[in-house]
Structure formats: structure tokens, C-alpha cells
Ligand code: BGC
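Just one chain follows, in the form predicted alone, and it is written as C-alpha cells.
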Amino acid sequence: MFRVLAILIFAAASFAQTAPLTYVPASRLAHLRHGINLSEWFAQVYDPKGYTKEHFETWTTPQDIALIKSAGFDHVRLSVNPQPMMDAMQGQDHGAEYFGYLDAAMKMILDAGLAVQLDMHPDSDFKARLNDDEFVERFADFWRMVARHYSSWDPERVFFEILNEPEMHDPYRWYGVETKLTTAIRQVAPAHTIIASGANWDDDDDMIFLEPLRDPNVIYVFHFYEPHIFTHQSATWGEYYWRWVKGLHYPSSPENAAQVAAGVPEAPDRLYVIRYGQDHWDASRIDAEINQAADWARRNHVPLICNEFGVFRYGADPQDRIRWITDVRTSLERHNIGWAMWDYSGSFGVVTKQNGKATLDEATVRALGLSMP
């Protein structure tokens, strides 16, 4: 009897060491059901003038935040490039002015009744430096400072996202880096929920190979743009041949794909387009992909969100884009996965802007299951 008891105790102890126990409050997850990304404000700034006072104060306005709230979104994901902040911290005011702009943005969002994911969203060259242990130490110090700064802000509605799309091909190294960054945050912000990602592009296949962290107050995240050949057609970044792809329909069909492939110069790239047509991408195929991430979360007993999905609006047929958004959003909700669409006013946007005035695209709002104000 005592031998059996000892075995059970040992087994329980082993399980406790290997199986993460989650206690992310349900009230916090309830704030992350229907979100939108705020891009090109504190990250992805392409204006040659860069991160200026004028840009911070005019890119996203109280009217924008009010419009987001009125459409039925419950949170925003605020992309922040850490490099300009780290540079500002070397100045005479140690980054106080920069933090003032970020504080004002965060306060504006929270005062509107929205939650906010504070998303560290650097450029690729910054992420490449995370292969250097010394730079990891610097980034951990930076995160510790940021988390301390916001540690007194409402933990029910302020979430810390460690890093967007780490672009690290070695998942074992990323696990060590993410663990270190999580520890730095947790040292100064014990109550806040952290958002953690997979190693490379935050795709669903990155997610299913992720080992959950030992911190129990963590939400896991993935992005969904599958298949990229449809969602990113005509894009001038990513795969070079995407710029030749235009008019590729969703759901996919062999006939349409063959027509589009004829306009792609290189034979290997034409094959990718033809395969898209043969792969029968539709609502059931999308649901099967998302189910892989949902299964991983269920097996590991951890909460999961999808905080990027969308379609480049300048390549896809508008009706195809709406069908894809509808099918992805419906699948996420079927699996009880909170979401945030990419993005608010950019090239994937839910609004168009002219002379600073934002206009909601009704079809996109309906596809997200929301209502026009």
C-alpha cells in the first residue's frame, strides 16, 4: 500500500512539473473576444519623419477609438516597436517623452472601455539580434522596465504580449528566450496576464510545436492567414511571386487557379497557384486548420487567442475577402477562441480613411459578426 502511495505521489509531482496549471481569470478572457489591431501608430511607421509628436497625436484619435468601441469591438492590440523606445531611453529624459505618448494612447483606449494588448512588434532585424545572448539580456531589461511602468495599470484589461512573430527558426532557443522574457515581466508585474507565442511566424503550426511555459497566468496566441497565397495576393512583401497573383478566388477552384497561374512568370511559382486550386480551400478546410491549434490548447489546458487574421484588400476580390473573413471568424468562435483582426486602417483594414476621417466598411463589420453603429 505504501509503495503504491509513493508511486502516486511521485507521479503527481512529475505531472505538476510537466503539465502547466492555468488560472487566467475568465473575466480577463472575456475582454479578448472581438478585437482589432492598431497598426502604424507605435510600430510599422513608414513616414520618413518617423516617430514624431505629430504622428503620435494624430494617427489614431479619440474619434477612432470611439468608432472601434461603437462597432462592438471589446479590445485593441497596440503594436509597439521597442527599438525607438530603447533609443529614447538613452536620451536626456530617459524616454519620459516617449512614455508620455504611449501612456496617453493606453489611457485613451482604456477610458473608452476597451482592453489593450501591449504588443512588442519590432522589425525583423531587431528579432534577428535575439540570437545574441547579450541582446536578449538587454531586451529582458527593457521588458522589465516597461512591465514595471504599467504594473499599476488595470490587470483585468492590460495584457503584455512578449513578442510578435519572433522569426526564430530554432524553437528550443525561442523557448529559452521566451522563458527569460516572461520571468523579467513577472518579476515586476506579478498580477498581469502575459501573451506568449510560437517560435517563428505565430502560424498555427508554430503553435502546435510550442511547449507551454511554466507560468500559469499566460494566454497563448497564433495568427491565421492560411493560405497566404490567397490572403496576401498582390502583396509586394513576403514571397516575391505574390505580386503576380491577382484575382485568385476563395473558395478555391482548379479552373480559377489555372487562369491566375498563367500570369505568373516562373514555373515553380505557377505550381503553387495551381496547387491552391487543387487543395479545395473552403470553410471546412479552414476549420480543420484552426482545429489543430484548438486541440493543442485543449491538450495542454491553456487559453488560446488568435490576434491576427485578415486579407490584403488590394489583391483579393472584395466578396472573396468577406467570405474568407466570415469563415475564419466563425471557426474561431466555434472553438471558443477570442480574436483580433488585422487591422484597423491599414491595407487589411476594417475602415478606410480620407482626410483623417475613418469610415467603417459595412461588409467587413458584418463578416466579423458585429453591427454597424
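The first residue of the shown sequence is 1; numbering continues from there. Computed from a predicted structure; not experimentally measured.
Beyond the structure shown, there is the form predicted in complex with beta-D-glucopyranose, which is absent from this document and is the topic of what follows.
Residue contact with beta-D-glucopyranose in the model of the complex: Gln44 places a heavy atom within 4.5 Å of it. beta-D-glucopyranose is not drawn, but in the model of the complex it has a heavy atom within 4.5 Å of Glu308. Among residues of the shown chain, Asp74 is not one whose heavy atoms approach beta-D-glucopyranose to within 4.5 Å in the model of the complex.
In the model of the complex, Glu165 approaches beta-D-glucopyranose with a heavy atom inside 4.5 Å. The contact with beta-D-glucopyranose in the model of the complex, taken as any heavy atom within 4.5 Å, belongs to His121 out of Arg243, His192, His121, Arg173.
Shown without its partner, this chain lists Tyr276, Tyr225, Phe160, Phe139 as candidates; in the model of the complex, only Tyr225 has a non-hydrogen atom within 4.5 angstroms of beta-D-glucopyranose. From the list 326-334, 24-32, 340-348, 60-68, the contact stretch for beta-D-glucopyranose in the model of the complex under a 4.5 Å heavy atom rule is 340-348. In the model of the complex, beta-D-glucopyranose lies within 4.5 angstroms of at least one heavy atom of each of the following residues of 208-244: Tyr225, His232, Trp237, in sequence order.
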